[in-house]
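Form predicted alone, single chain, as structure tokens, below.
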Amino acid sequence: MGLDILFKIAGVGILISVFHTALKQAGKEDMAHLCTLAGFAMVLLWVVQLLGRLFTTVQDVFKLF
């Protein structure tokens, strides 16, 4: 882990914002919202996995449970 996950999240954010703008300009606002929601869900899954790994590391460090 390192800065690569931050670059991934930033890349997805930039890509999703471009798709959202393009779809909104094409008059397909419902698809733009779905695209944004899909990107948000993808990033949320990455963050949840990282939080799970963080909690496991904290448990191992402090010998909890």
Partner chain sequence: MWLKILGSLMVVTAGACIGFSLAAHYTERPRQIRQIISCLTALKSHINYTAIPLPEALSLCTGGITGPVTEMFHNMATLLSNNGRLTPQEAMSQALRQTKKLVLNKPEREILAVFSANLGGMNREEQHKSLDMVHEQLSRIQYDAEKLCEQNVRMYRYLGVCGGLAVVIVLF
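What you are looking at is a predicted structure, and each value in this text was computed from that prediction instead of being measured. Residue numbers count along the first chain shown, from 1.
In what follows, reference is made to the form predicted in complex with the partner chain, a form of this protein that is not presented.
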Item to complete: Spell out, yes or no, whether the shortest heavy atom distance between residue 11 and the partner chain in the model of the complex is within 4.5 Å.
Response: yes
**Message:** My question is simply whether residue 33 lines the interface with the partner chain in the model of the complex - judged by any non-hydrogen atom within 4.5 Å.
**Reply:** no
Margin query: I'd like to know whether residue 19 contacts the partner chain in the model of the complex, with contact meaning heavy atoms within 4.5 angstroms.
Written below: yes
**Report entry** Heavy atom of residue 47 within 4.5 Å of the partner chain in the model of the complex
**Finding:** no
4.5 Å heavy atom contact with the partner chain in the model of the complex for all of 51, 54 and 64: no
Across 15-30, the residues having a non-hydrogen atom within 4.5 Å of the partner chain in the model of the complex turn out to be 15, 18, 19, 22, 23, 25, 26, 28
